[in-house]
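One chain comes next, on its own, written out as structure tokens in the form predicted on its own.
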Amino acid sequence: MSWMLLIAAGLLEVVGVIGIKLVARNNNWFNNIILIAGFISSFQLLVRAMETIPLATAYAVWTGIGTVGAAVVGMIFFKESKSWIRIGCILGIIFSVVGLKIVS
């Protein structure tokens, strides 16, 4: 259950980061609500997941999901670079996160 909470926390971090991008484009109430709700929800789930998952593992997985998610969202929705080097780095993060799950 804790791992499901951690994955959800990571995905909600991506929602918060999307909110940051939306606020940077157009600072209005709706975009600020997306930003704040995404991060508050993410932190709440992260706290619950860390009740049983070690700190270093939980934080690394949470930030890894957030980093990969933000990069993929940026490439798909915000026309950011899709270079092979960038994709290779994203795969490196994914393999590292999976490795942490395996050894935890």
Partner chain sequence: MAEKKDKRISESRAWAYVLLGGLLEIVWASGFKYEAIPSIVVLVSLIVSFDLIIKATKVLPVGTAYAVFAGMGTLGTTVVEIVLSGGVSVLRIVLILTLLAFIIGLKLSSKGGES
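Treat the numbers as computed from the prediction; the structure is a model and nothing was measured. Residue numbers count along the first chain shown, from 1.
Beyond what is shown, the protein has a form predicted together with its partner chain; the following relates to that form.
Within 4.5 Å of some heavy atom of its partner chain in the predicted complex lies at least one heavy atom of residue 47. Residue contact check for residue 64: one or more of its heavy atoms lie within 4.5 Å of its partner chain in the predicted complex. For the chain shown alone, residue 1 is not a contact residue for its partner chain in the predicted complex, no non-hydrogen atom being within 4.5 angstroms. Mapping the unseen interface onto this chain, residue 57 counts among the residues with a heavy atom inside 4.5 Å of its partner chain in the predicted complex.
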